[in-house]
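Below sits a lone chain in structure tokens, taken as the form predicted on its own.
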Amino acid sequence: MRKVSVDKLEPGMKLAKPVMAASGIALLGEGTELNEKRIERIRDMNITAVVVEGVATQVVPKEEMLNRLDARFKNVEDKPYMNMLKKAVKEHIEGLYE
């Protein structure tokens, strides 16, 4: 799932969560495939973003994320628990880019 701004919606995308009106009524259900008409309808409702199926694209390169991780843990490298935490976060970051 990924949250997408309405100005980036494209025909063929599928909703991962329903589009709800301010009153709480579902206007478009989960699994609805978007087309031009539905996208225009969403825009007309002043909705800013919707959740669609698919994996979010990473905007920061993997190497930069790993460098940021190293910088954050630089001052606590001698602490065993912090190394375990860093390793877990590193594995998570690497999984995001697969």
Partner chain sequence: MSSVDLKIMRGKVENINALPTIPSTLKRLSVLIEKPKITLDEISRFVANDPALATKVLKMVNSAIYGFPGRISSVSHAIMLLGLNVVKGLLLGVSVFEIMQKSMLGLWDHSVGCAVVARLIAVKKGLKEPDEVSVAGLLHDIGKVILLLEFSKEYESAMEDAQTQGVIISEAEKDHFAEGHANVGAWLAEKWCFPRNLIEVMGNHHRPQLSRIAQTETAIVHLSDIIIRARGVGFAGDNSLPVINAAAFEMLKLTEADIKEILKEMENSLEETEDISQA
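Everything numeric in this text was worked out from a predicted model, so none of it was measured. Numbering follows the first chain given and starts at 1. Rigid core here is just the name for the largest C-alpha set that superposes within 1.5 Å across the two forms.
The same protein has a further form, the form predicted in complex with the partner chain, not shown here; the description that follows concerns it.
*Asks:* Of the options 45, 66, 51, 39, which one has a non-hydrogen atom that comes within 4.5 Å of the partner chain in the predicted bound form?
*Replies:* Partner contact (heavy atom, 4.5 Å) among the options: 51.
*Asks:* Spell out, yes or no, whether the shortest heavy atom distance between residue 91 and the partner chain in the predicted bound form is within 4.5 Å.
*Replies:* The answer is yes: residue 91 has a heavy atom within 4.5 Å of the partner chain.
*Asks:* Find out whether any non-hydrogen atom of residue 62 is located within 4.5 angstroms of the partner chain in the predicted bound form, and reply yes or no.
*Replies:* Heavy-atom contact with the partner chain at 4.5 Å: absent for residue 62.
*Asks:* Taking heavy atoms only, is residue 11 within 4.5 angstroms of the partner chain in the predicted bound form?
*Replies:* Output for residue 11 is no: heavy atoms all beyond 4.5 Å of the partner chain.
*Asks:* Contact with the partner chain in the predicted bound form for residue 96, defined as at least one heavy atom pair within 4.5 Å: yes or no?
*Replies:* Residue 96: contacts the partner chain in the predicted bound form.
*Asks:* Which residues in 60 to 78 have a heavy atom within 4.5 Å of the partner chain in the predicted bound form?
*Replies:* Result: 65, 69, 72, 73, 75, 76.
*Asks:* Honestly, after the rigid core fit, is residue 91 moving at least 2 Å at Cα between this form and the one not shown?
*Replies:* Yes, residue 91 moves 2 Å or more.
*Asks:* Taking the rigid core as the reference frame, tell me whether residue 67 has a CA displacement of 2 angstroms or more between this form and the one not shown.
*Replies:* Superposed on the core, residue 67 moves its C-alpha 2 Å or more between this form and the one not shown.
*Asks:* Superposing on the rigid core, I want to see if residue 76 changes position between this form and the one not shown - specifically a Cα shift of 2 Å or more.
*Replies:* Shift of 2 Å or more: yes.
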